[in-house]
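Have a look below at one chain only, the form predicted on its own, in C-alpha cells format.
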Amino acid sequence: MSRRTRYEGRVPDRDVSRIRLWLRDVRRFFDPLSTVAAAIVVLIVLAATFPGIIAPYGYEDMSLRERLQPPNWSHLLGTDNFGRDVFSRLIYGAGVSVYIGLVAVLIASTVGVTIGVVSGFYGGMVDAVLMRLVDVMLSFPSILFALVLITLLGPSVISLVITMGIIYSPRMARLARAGTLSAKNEVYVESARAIGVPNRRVLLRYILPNIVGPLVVQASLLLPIAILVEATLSFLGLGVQPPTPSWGAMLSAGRAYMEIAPWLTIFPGAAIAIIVLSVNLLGDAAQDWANPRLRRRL
C-alpha cells in the first residue's frame, strides 16, 4: 500500500492538534456558570422564536372573571388586571425584548464599525470630522439622549430600535477605529497597498477580519444593555406601546397593583434580571476567550 493511499482521508495531525487546543480553550473559559447562562439564553431565544407553541394563551386573551389571580395551575404566574395570563405575556414579551436588543446591536455595529474603520483608515480631515461627531454623541448620557430621540420620533418599536442603534454606535466606532489604526500599520496591509490593491479590498479582506474579534465581544456586552434600556423606556411609557407585551411595559403596568398583586412586578423584573445577567456572563466568557494573553497564561 502506498504512503499516499495509506493516509488518504485522514485529518492531518496538525489540524487535530488545533482542534484539540480550541476545544480545550472552550472548556476552560465556559465554566459551569457560563454553561448555565448559555442554556438560559438558548431557552429564552427559543421561547421568543416560537411563542405560540410554548405560551398556553394569547397575549391579548382577557377574562375579567379571572383578573388578578395569584399563580395557580391554570395560570402558572397568575393573571393581570385584565385577566390576561402573565406567563404567556412574558413569553411573547421575550420576543419583543430580544428582537429589539439584537436589531439595535446590529444597527450600532454596522454604523459604528463603518465610521470607525473609515476614520482610522483614511485619517486626516475625515478622521477629525467623524471623531468629533462621535465625541459629541458620547458627551450626552445614554438615557437622556434616548429620551430626546424617542420624543422626536414618537414611541414605537421602530423608533426604539433606531434610537438604541444610534446611541450605542459611538462605542463600536471607537473600538473599530483603534483596531484599524493598529492593523493598517501591519506589514501585510502596507504590502497590499504598495502593490496597488484597492482601498475597499484592503478594508474588507485585510483589516476587518483582523479586528472582528474585539468587535464581537463588544457587541455581546452591548446586548444586555440594550435590553435593559428597552425595559427602562417601556417602563417610562416611551417604548413598546400596549397591547404589545414588553417586560418593561409589564413592570410599569404592575406598579399600581404591587400591594395586592406583587407577581405582576416580580416576574417581569426577574425575567429582565435573568436575561441581562446571563448575557453578561456569556460576554465575559467570550471576552476572556478572545484574549490571547489570558489564554497563553492559563
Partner chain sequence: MTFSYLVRRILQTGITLFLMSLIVFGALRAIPGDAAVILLGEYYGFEEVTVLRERMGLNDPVYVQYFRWIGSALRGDLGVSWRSNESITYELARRLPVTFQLALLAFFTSILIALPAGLVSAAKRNTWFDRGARVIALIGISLPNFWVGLMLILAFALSLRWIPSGGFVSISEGLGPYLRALAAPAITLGTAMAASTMRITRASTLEALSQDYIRTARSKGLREFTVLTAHAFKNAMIPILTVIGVQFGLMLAGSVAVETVFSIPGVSRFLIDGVNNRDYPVVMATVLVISLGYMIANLMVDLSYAIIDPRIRYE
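Residue numbers count along the first chain shown, from 1. Please read all numbers here as calculations on a predicted model, not as lab measurements.
Keep in mind that the form predicted together with the partner chain is missing from the display, and what follows is about it.
Colleague: Mind telling me which stretch in 135 to 143, 100 to 108, 205 to 213, 85 to 93 gets its heavy atoms within 4.5 Å of the partner chain in the predicted bound form?
Modeller: Going by heavy atoms within 4.5 Å, the stretch is 135 to 143.
Colleague: Given that the partner chain is left out here, which of 244, 63, 69, 232 has a heavy atom within 4.5 Å of it in the predicted bound form?
Modeller: The option sitting close enough to the partner is 232.
Colleague: Report the residue, out of 53, 258, 39, 46, that has at least one non-hydrogen atom within 4.5 angstroms of the partner chain in the predicted bound form.
Modeller: Residue within 4.5 Å of the partner: 258.
Colleague: Quick check: do 34, 164 and 166 each get a heavy atom within 4.5 Å of the partner chain in the predicted bound form?
Modeller: Per the other structure, none of 34, 164 and 166 touch the partner chain.
Colleague: With a 4.5 Å heavy atom cut-off, would you call residue 237 a contact of the partner chain in the predicted bound form?
Modeller: Output for residue 237 is yes: heavy atoms within 4.5 Å of the partner chain.
Colleague: When the contact criterion is heavy atoms within 4.5 Å, does residue 285 count as touching the partner chain in the predicted bound form?
Modeller: No - in the predicted bound form, heavy atoms of residue 285 and the partner chain never come within 4.5 Å of each other.
Colleague: Using a 4.5 angstroms cut-off on non-hydrogen atoms, would residue 158 count as touching the partner chain in the predicted bound form?
Modeller: Taking the distances in the predicted bound form, the answer for residue 158 is no, it never comes within 4.5 Å of the partner chain.
Colleague: With the partner left out of view, is residue 74 within 4.5 angstroms of the partner chain in the predicted bound form by any non-hydrogen atom?
Modeller: Answer no; every heavy atom of residue 74 is more than 4.5 Å from the partner chain in the predicted bound form.
Colleague: Across 149 to 186, which residues bring a heavy atom to within 4.5 Å of the partner chain in the predicted bound form?
Modeller: Residues within 4.5 Å: 150, 151, 152, 153, 154.
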